[in-house]
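One chain comes next, on its own, written as structure tokens: the form predicted alone.
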């Protein structure tokens, strides 16, 4: 009968303090090939085992940063180089909009690399034939005991000395662990190949039936046959064929006062600007101007469209005609539209339209500053110490 090869010796302890003291003693005695097994993590165990900091964090950091860099570069190439699009007046490289995707790809690559790196480089793949698996020692440390195992391959391994050391440290049980008999399982057996073939046929057949037949049968097709219209879909119910509807003419929202000059090209009078020309109003108007107006009028209202010739450029907002317009007339044009410019009443609120008017006035004054304006700016700069 072939003698079994010894894997090592294990010892069980019944309290966390005893296992910590035992690990410190074994580490100080120079044992290298030993391991500790506990039912839950113990504070201070890393220091007792004299373990060096894990390098797994470097793998996580490298792949996490790689994911962030790849996401940003890919979105920059797609949205700024390969197919640039103006979306709501935003710049081509709209970093705030790219952050969610960057975050997701960073977490994805960092997580996958951590798990894969841990299993491959650090654990050298899990071993289902490890000597400790199935032993009474492993059953105990998986429940309520704390254990140490010292491998026979350790340079200082001596069965008698280690048993004496374990007894001195207060062990409640010592167990000798042997390597299990090696078992081989040939892969290309007829039964195994037949089993894989049956599984493949059942999986493929079931998937095909569910996706191509079952989901088209009653009552499983209810998600597909909903009484709804997707955006831009033609309607057979309405005479004009439009599925996307606008509010019925004359509809007034509760608490909202309709614009009294709606639809008039040249009304006899205009509304007065109810928004004071404050710093807050100007900054708010700048934000809305850059979003809704700058694609056609340019960032400074010069009529230098940012749409690269896709639409005719509008006239400058710094002409004498526009500067002499009352605020209410500019508001009227934003609300009703003019020539090929559409109405922006559905995209902006009343407050936002008046704030845009205020910002246009600031642009006009900045572009056509007088000597008194310049002197006033110098006085303010001197007062602020600039």
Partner chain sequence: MNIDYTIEAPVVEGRLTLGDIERLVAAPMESKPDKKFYIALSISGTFLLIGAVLLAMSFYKGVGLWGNNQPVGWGFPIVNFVFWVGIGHAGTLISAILFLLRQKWRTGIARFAEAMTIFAVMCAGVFPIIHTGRPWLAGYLMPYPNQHGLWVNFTSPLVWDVFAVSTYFTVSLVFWYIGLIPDFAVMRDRTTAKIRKTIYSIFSLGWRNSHRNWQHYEKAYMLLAGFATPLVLSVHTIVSFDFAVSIVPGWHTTIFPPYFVAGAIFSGFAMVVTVLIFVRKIFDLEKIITLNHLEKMTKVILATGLMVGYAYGMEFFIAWYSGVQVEQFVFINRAFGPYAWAYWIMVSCNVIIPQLFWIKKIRRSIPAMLVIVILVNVGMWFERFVITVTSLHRDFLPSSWGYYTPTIYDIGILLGSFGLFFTLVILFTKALPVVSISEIKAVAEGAQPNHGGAH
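Here the structure is a predicted model, which is why all the values come from computation and not from measurement. Residue numbers count along the first chain shown, from 1.
This protein has a second form, the form predicted in complex with the partner chain, left out of what is shown; the following refers to that one.
- In plain terms, the part of the chain that comes close to the partner chain in the predicted complex, with a heavy atom within 4.5 Å, is 131-139 out of 238-246, 186-194, 204-212, 131-139.
- Screening 257, 230, 115, 164 for any heavy atom within 4.5 Å of the partner chain in the predicted complex leaves a single hit, 115.
- Though the partner chain is absent from this view, in the predicted complex it lies within 4.5 Å of a heavy atom of just one residue from 152, 277, 172, 107, which is 107.
- The closest non-hydrogen atom of residue 355 lies beyond 4.5 Å of the partner chain in the predicted complex.
- Mapping the unseen interface onto this chain, residue 32 counts among the residues with a heavy atom inside 4.5 Å of the partner chain in the predicted complex.
- Taking non-hydrogen atoms only, residue 218 approaches the partner chain to within 4.5 angstroms in the predicted complex.
- In the predicted complex, the partner chain stays beyond 4.5 Å of every heavy atom belonging to residue 272.
- Annotation for 28-45: interface residues with the partner chain in the predicted complex are 32, 34, 35, 36, 37, 38, 39, 40, 41, 42, 43, 44, 45 [heavy atom within 4.5 Å].
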